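Coming up is one lone chain in structure tokens, specifically the form predicted on its own.
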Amino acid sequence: MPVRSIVLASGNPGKKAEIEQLLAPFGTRVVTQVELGITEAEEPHHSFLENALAKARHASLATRLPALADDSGICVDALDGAPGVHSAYYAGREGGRAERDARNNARLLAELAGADSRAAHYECVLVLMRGPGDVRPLVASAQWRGSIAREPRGTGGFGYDPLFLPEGMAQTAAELAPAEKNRISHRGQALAKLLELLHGEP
């Protein structure tokens, strides 16, 4: 992989851990923009792609380095795709990340009370800016289909992982070993596609 050092346009430690593990075989060093003192970009857009592009441009311009941005969330059929791009702050912005995750999960369960369908999918869009002047950033996306459990289970992962039951599995995403989750998750699939695009470049 030609990129040896990369800025992750996020302060989410869970995302950093997953991406570090996925890029470890290539010797790529991952540092978050927060570690470099860069504030997180605004995410005012209505699509994962637009938000990921905005975050990647912001991080690359601020650091003058290649930047990888991930915009992802959970989309629930019975809620017309919500929380979607609003997944991170579905139940408000107050408190730390663990507190917000717990509130988001509680709200999602409340919204689905009595719903006939609990079908859902995680969606991830990754954007790689090779540098601040990159006018053709690499883009890859993937979905991870499943359903919403009746109650949280597991202590791994982050976000909605304790509620997400991958299709064909009895364990939630939070009950999977990290390597297994990375192999089949939306983020793992999207990064594999991104690496294919990188390897195909001259």
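This one's a predicted model, so the numbers in the text were calculated from it and none came from an experiment. Numbers for residues come from their place in the sequence shown, where the first is 1.
Keep in mind that the form predicted in complex with a further copy of the same chain is missing from the display, and what follows is about it.
- In the predicted bound form, Ala120 stays away from a further copy of the same chain, with no heavy atom inside 4.5 Å.
- Asp134 belongs to the set of residues with a heavy atom inside 4.5 Å of a further copy of the same chain in the predicted bound form.
- Shown alone here, Phe48 lies within 4.5 Å of a further copy of the same chain in the predicted bound form, counting heavy atoms only.
- For the chain shown alone, Gln143 is a contact residue for a further copy of the same chain in the predicted bound form, at least one non-hydrogen atom being within 4.5 angstroms.
- Note that among 151-159, 33-41, 135-143, 172-180, the stretch whose heavy atoms approach a further copy of the same chain to within 4.5 Å in the predicted bound form is 135-143.
- The candidate spot formed by Leu65, Ala67 and Arg100 is out of contact with a further copy of the same chain in the predicted bound form: none of the three has a heavy atom within 4.5 Å.
- Residues of 70-104 placing a heavy atom within 4.5 Å of a further copy of the same chain in the predicted bound form: Cys75 alone.
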